[in-house]
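Below you will find one chain, with nothing else, as structure tokens; this is the form predicted alone, and questions on how it binds or moves follow later.
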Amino acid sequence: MPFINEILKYSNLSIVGLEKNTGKTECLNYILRNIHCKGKKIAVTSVGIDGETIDQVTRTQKPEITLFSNMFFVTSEKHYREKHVTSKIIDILDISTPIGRLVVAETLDQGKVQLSGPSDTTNLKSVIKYLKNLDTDLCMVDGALSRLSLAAPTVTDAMILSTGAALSANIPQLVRYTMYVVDRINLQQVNNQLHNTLSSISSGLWAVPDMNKSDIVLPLNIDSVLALSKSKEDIFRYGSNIYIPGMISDKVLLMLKSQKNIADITLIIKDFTKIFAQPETYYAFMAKGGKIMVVDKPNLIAITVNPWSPSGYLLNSNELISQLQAKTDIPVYNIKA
């Protein structure tokens, strides 16, 4: 069974879809079914609404989330009332969503649920910690591209990426976009000491004079990247290693790419979800000699593909997998196949 044994090495996992209808729920159901068969204790939640029977945008049929007996799940009060599974309430958390407080429950048999969990990183961390205290073997978080930051490495130990024809009907284009995400996920992580130093910094711009003396970082007294154009002559006064914990746009990368010392520049960012630049800008920066490192790096353990699009077309699954696999060492699977 693809990647099930790999998943069991971790205590929590996020499944992130690059677009609606890329097979994320099919992947979730596959994992739930196969790990349940191994007798493991599972908990599941979402960072949005997942498990609805009809896609609210395309009006096409969607797979529902199937839970088995003795699984924990976290969902809103509204969707708890609408569940199609017998369960008992464990707790009602002091965390509210637009559709009610979060309910922690345990299934007593097999059935269908909709999941609507916490909508911010802080509460998601709290929910995962709560579920871990219930002696679960694996806590799973259902995510999406629009909520990618909630599947960031600071939240879950491992990650599965779901892509597919709903993103593009053109295989080369689909592969290029997917690999842009994969390449950012695989950015090199800073050393442990620098990780510890930078983890607590959430704003401003900072210089790292010496990557080997990781306990020394200096403020550049620049509040945000929006002020870069007015202060770019001061950025490198302590060296060419810069830490920016906030959003990285095309403008930031283009400004850094234009520097004469581009080959010496290392841009350090919080994690891959902070990059909002276009692929062309990102790759041009790297091709010019610029380097990007991350404080937090997710462990991407698999890529899943859905060759079917709700628009009605079907891609060649083997060709899609082959083209993706040719560009990455991460295993690629069609779960339905």
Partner chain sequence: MNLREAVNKFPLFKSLIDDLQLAYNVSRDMLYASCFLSDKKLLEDEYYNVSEMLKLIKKDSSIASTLHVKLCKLRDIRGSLANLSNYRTLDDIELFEIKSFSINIEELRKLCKTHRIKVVDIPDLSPVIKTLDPDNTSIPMFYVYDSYSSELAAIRKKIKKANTDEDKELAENLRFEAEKLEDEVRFKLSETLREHSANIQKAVFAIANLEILLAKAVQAFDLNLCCPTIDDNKIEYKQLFNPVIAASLQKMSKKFQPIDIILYKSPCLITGANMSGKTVILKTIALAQYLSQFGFFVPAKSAEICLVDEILTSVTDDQDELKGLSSFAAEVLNVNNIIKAVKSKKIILALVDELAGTTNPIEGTAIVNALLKILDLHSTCSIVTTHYSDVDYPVRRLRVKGLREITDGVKITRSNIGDFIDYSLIEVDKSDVPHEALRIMEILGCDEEFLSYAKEAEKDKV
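Predicted, not measured: the structure shown is a model, and the values here were computed from it. Positions refer to the first chain, counted from 1.
This next part talks about the form predicted in complex with its partner chain, which is not shown.
Only one segment in the set 261-269, 97-105, 169-177, 248-256 has residues whose heavy atoms sit within 4.5 Å of its partner chain in the predicted bound form; it is 97-105.
Put simply, residue 86 is close to its partner chain in the predicted bound form: some heavy atom of it is within 4.5 Å.
Taking the partner from elsewhere, residue 77 is found to have a heavy atom lying within 4.5 Å of its partner chain in the predicted bound form. The shortest heavy atom separation between residue 111 and its partner chain in the predicted bound form is within 4.5 Å. At the 4.5 Å threshold, heavy atoms of residue 207 stay clear of its partner chain in the predicted bound form, well away from it. Note on contacts: among 237, 195, 125, 81, the single residue with a heavy atom within 4.5 Å of its partner chain in the predicted bound form is 81. Interface residue among 201, 211, 92, 218, judged by heavy atoms within 4.5 Å of its partner chain in the predicted bound form: 92.
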